[in-house]
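What follows is a single chain, given as structure tokens, in the form predicted on its own.
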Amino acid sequence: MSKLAPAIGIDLGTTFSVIARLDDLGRPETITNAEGDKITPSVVLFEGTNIVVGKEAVKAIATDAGSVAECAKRQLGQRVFDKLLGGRHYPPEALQAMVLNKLRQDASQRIGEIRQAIITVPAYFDEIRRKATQDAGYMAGLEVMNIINEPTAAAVAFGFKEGFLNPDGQGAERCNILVYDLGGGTFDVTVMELNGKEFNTLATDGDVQLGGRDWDQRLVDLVAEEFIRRHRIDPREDANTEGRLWRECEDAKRTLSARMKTSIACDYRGQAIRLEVTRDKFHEITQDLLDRTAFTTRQTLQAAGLDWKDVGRVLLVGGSTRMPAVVEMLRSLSGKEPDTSVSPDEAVAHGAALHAGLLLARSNGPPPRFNIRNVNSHSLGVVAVDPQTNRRRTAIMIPRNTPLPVKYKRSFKTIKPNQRSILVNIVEGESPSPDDCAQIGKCSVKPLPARLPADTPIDVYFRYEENGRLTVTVNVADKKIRHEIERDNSLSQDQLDSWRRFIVKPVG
């Protein structure tokens, strides 16, 4: 493997992030951070002019919560993070870039300079969030070779372990697997067919606002409500007190995965309580969250056109799958014992590193040869006007769960002589109303060739890549024009360059 271009995969998580590489034999391994840990908290502390990422930033939640940014991944696609940090508003992708920069610097100190990487995203991320993730990589000083869906990466790591990627081309027998990925902040379900070295996604679904943090929130609220009942004051009204309670509840959640009960302490303004919580009580107050994941799992399996008898493995990914209720639910739902053979924390980064190795093809000996076929998680369309009602409607061009890459053409006509421009509004979602869909952006096609007659055909081509990114090409009067999408909340190239100079520091 070339020292100048190691195969690097990064799992950029909501609560924890992991970086991995391929060793000299082409096997994935996690690179420990500067603190010697395999996982790095995706938390950023602003301490004057100093920016601290990781474990020390987590500690500051209990004492300086107003200066700490958590769960920035959940706000990707928004213009700014919803919290003022050090007197300044930051774009969520800049906060993600600070996490990536720590991963890059720490890994560079161990294996040499890192520039290229594969970064993973939830399968249910829309095109806007995928663009923001790529921008975060750029701001962190990385060349993002590609982005890959987290469940797909986990499936690749599983396939490697099971022998699908053996150099002789012979692997395990064809099988369908369902990847249930419950992380700290997002949830995905993906059904894949593994056939030799072909990794084909059949269907995917998820929720980018559902994860282990929501289970933590239920415990925080349980304790806070008991505190209010006893002392008539709410400990959540003080950010530092709430930060300490969050940490207590996170620890309690993990304890309840091993024990049947635990206690959670909370003190505020001279008052204190210690509340005993049983595993049964925890399951009771979070049952609706679990039910949401079960519903999505059933829907995804149905969208893949499969029954449970057609699924060979149910693969658990993400730290939150350690909760016993998750295992019990999936066992009951599928009639199978959930597979925990790959590390729920490391599998995604390992699969990304394997994909990076495939792209680089520079390891010592034959790189793992395999093909990945993804599907899109959201329907892609344009805003059109219904001629019968004169109302704006979503004209679906690429339905969800379409195999990628795909190219689609839609024809329009000019409405007047010598028309000099057209405007294409691009949306993503399943609603017939464009207002209920995600607004990806606009594509302004101008100038059109001069002196075009009315009703001149204009062909608009959408190219939807495997990584969920979109390019637009227009063909008018035998002239093809490629257009950049104008996005309301995306950073300009000048802004990206400015943030990159601010974030990237030399390795000390």
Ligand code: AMP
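None of these values were measured; they are calculated from a predicted model. All residue numbers refer to positions in the sequence shown, first residue = 1.
We do not show the form predicted in complex with adenosine monophosphate, though everything after this point is about it.
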**Item:** K253, R313, R236, R400 - the one with a heavy atom within 4.5 Å of adenosine monophosphate in the predicted bound form
**Value:** K253
**Prompt:** Of the options T300, S320, S377, N374, which one has a non-hydrogen atom that comes within 4.5 Å of adenosine monophosphate in the predicted bound form?
**Reply:** S320
**Prompt:** Is Q287 close enough to adenosine monophosphate in the predicted bound form to count, meaning some heavy atom within 4.5 Å?
**Reply:** no
**Item:** Any non-hydrogen atom of R213 within 4.5 angstroms of adenosine monophosphate in the predicted bound form
**Value:** yes
**Request:** Give a yes or no for S257: in the predicted bound form, does one of its heavy atoms lie within 4.5 Å of a heavy atom belonging to adenosine monophosphate?
**Result:** yes
**Prompt:** For F16, is any heavy atom within 4.5 Å of adenosine monophosphate in the predicted bound form, or not?
**Reply:** yes
**Message:** The chain here is shown without adenosine monophosphate. Which stretch in 420-428, 115-123, 320-328, 189-197 comes within 4.5 angstroms of it in the predicted bound form, by heavy atom distance?
**Reply:** 320-328
**Prompt:** Taking adenosine monophosphate in the predicted bound form, which residues of 183-201 have any heavy atom within 4.5 Å of it?
**Reply:** G183, G184
